[in-house]
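Below: one protein chain in two forms, given as structure tokens, structure 1 then structure 2.
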Structure 1
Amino acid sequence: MKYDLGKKIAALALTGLLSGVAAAPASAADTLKFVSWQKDEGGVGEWWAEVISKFEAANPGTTIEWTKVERGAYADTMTTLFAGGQPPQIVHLASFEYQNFAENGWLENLDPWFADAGISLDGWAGQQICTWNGETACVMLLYFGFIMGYNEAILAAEGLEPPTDFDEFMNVIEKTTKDLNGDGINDQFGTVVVTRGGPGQYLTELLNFVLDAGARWTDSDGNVTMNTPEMIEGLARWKAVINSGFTPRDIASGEGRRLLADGKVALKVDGPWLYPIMARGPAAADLKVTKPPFNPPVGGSSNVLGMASEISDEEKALVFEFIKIAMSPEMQSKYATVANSTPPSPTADVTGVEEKTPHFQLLIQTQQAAAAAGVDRIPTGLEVQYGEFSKMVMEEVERMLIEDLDPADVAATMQAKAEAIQGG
């Protein structure tokens, strides 16, 4: 009797094991994992929710497991997931970090998929950045230009207009920085420059001044071009702004946007994502947007969508369905109305978008201005080393501020170090 029971248990266990193995491919396709840092972001988070909803409606039986990972921990989390052999099937990455994943062969080449589906990517804004080693590793989700949010009431109180160049910018931020309650501490600032939140964020802020001075990190062939008079001028401008006291110090990006939305800052230059935050703040009635005082504006690629290469064919087909929905004319149109951002699709119908996004034409203008100037936040030739490069630049610029170094010396140091990083 004991042996009968043992045999029964063994048979049951074996059956369970086999049925589990047999069911594995089917059950794997029941759920697709999608990790993103944008889940709770106003506007774009709602857009993602709509893409997911449409996908699930079109593919009954398949659900999307949508998980939020904070931006600060995003690259490490994704690296760990991929290295551990458990990648999310739907891959969402920043455009400055996808290169390392593509270089490791973790992203599916999308060229055959687009060819089979007869989808052309001609005219898709910023799509060239998604080409890695001659293959399409991803789809560009956002190619943007920076805008400037400003507090009309603060500027009007000083009889000022929004600045249109660097000199006017300095004048405006000087006159609008004030100690309103007389406690000896400024509580209203002319602008807010983000210096906390990581090297990538630091470089993006610095790039406003570098580009306006006519400098670039590298040229179109990937040669480092940091030891130039234009770069020295850009660094000098950055030093002037930080040392002026017209910006609060040690501010992270979220805090900076919040300060503008709360009416404690006269103006802030930022990406299209600034507007939804401004619109929900207590000072919303006084806040307006216009083109930034820097020319060309900072802009370029933001984030990309791809497919993990080490998943089953069935899962790949489903992920491509998801990508197609995100790229569909309907969802691209909603990228403007729901996410308040410029859709990369050249055929997106944006008629009537101004009703929901009044500054939409401004977004188009700054996007085109950045594109026409060939601006991108990721320097050509340093894509894979971007993490190390951005940290090096941030540290050398911090050293310039702390030790009051000559920008010319700093530019020369950065040139040498960037070349060393590029050379491996």
Structure 2
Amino acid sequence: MKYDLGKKIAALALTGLLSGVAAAPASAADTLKFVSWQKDEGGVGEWWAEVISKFEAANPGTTIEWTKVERGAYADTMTTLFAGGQPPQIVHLASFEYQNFAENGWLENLDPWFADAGISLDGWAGQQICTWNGETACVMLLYFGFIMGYNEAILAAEGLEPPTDFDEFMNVIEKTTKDLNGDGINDQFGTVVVTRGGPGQYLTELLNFVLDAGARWTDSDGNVTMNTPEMIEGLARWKAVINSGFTPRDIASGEGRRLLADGKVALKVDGPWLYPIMARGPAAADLKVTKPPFNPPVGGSSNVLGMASEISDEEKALVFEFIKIAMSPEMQSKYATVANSTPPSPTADVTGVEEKTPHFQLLIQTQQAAAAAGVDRIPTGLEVQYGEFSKMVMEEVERMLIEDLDPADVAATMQAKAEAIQGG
């Protein structure tokens, strides 16, 4: 299924999502456009900045025009840029959204480029996900496992240890949600889950509870498996955490991470990008990391790098130089030390990484646990329809919260709607 481009362009024109992104055609090879949601994220944003610096130093006269678009508006904004014939030459997408771009023919097949350069992708973590219609549409930048950041001081004040399963998790977040100044409003929360932003991010947060309850969106053959006792349990857990007030509501991903960094929440389960934000926050001295209390942990592919297909050959050659720098041994090593994430390169030298990233073995442990369980945020059989599917799930789960619906009824509704999306 391809995007309904006409509807998306009309909607985005009304909301003005493209303001400040780019309106002029990018035909000159002396400027390459690069749009990303990670520009100001601690760690990974610094890694991107170094990739750009190295590219510009190696290609005098060519500069990278780096623009940030918020995660919640990202897929729609990129769709409109491509549909309008003004794509960024360097293409950065979440691994759960690139499929629609590839299906529309907007991403260059990278196989000939890698073949000409003599570059092998053997052993590159998560790279199989970047194969679409038998072609390499992108390069996987991160296959990860979730970790848990927690405030040791907040837990110690209640005589608590970091939770290791869901029951302990609920006990900790209940006891650490407090009104500290006596005004009747909670100003310290047990945890924070993201409930504002794109549907993909919403489903990733929800997946913590779904997986731990033993549920999956689909099975390995792509059949929808949502109307199950396990899914009902997962939805009930999500509902209990949010409607009990153990997390602040209407929180975007960046805001949630900052709340932990500022010492306003006891714990947060998130990807490896959480650590550099924690390390720079006012509460850094009290913050630690450990494995999540959910089993298996959320994990899988995160984001990908590619090039637009409808650009000049000169621009394509430059974009591939950018991709090669991002894949270089030096920058793959720095993906661990600077971005605090597990590099996908099987030959990345991570010697001494623990000196700057002391929890690096934890990242490897959760990555391997997620991989062993076959976890990925993109459900098999719904890759192209993931945007529509994730929006549907988010809407139905939010309706459950607002209208206090029975999780069993919600699971049945989602099963029927998911099957219709898949068959449509």
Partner chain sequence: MAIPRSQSGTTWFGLARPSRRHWLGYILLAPAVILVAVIIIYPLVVSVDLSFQKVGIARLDVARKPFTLANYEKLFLSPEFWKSCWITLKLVVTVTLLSMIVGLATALLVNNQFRGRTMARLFVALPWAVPEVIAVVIFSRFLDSSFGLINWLFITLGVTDELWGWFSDPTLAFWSIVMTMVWKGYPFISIMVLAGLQSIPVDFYNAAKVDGAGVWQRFRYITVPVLMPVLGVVTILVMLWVFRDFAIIKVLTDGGPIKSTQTLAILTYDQAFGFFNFGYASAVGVITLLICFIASYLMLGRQTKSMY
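In this text, the rigid core denotes the largest set of C-alpha atoms whose superposition between the two forms falls within 1.5 Å. What you are looking at is a predicted structure, and each value in this text was computed from that prediction instead of being measured. Structure 1 provides the reference sequence; residues are numbered from 1 along it.
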_Index of the chain form predicted alone, chosen from the pair_ = 2
*residue 374: with the rigid core matched between the two structures, does its Cα shift 2 Å or more?*
no
_Displaced residue check between the two structures: residue 108, CA, 2 Å or over, core reference_ = yes
*When C-alpha atoms are superposed, by how many degrees is the smaller rigid part rotated relative to the larger between the two structures?*
12
*Using the rigid core as the frame, report the C-alpha movement of residue 65 between the two structures, one decimal, in Å.*
4.4
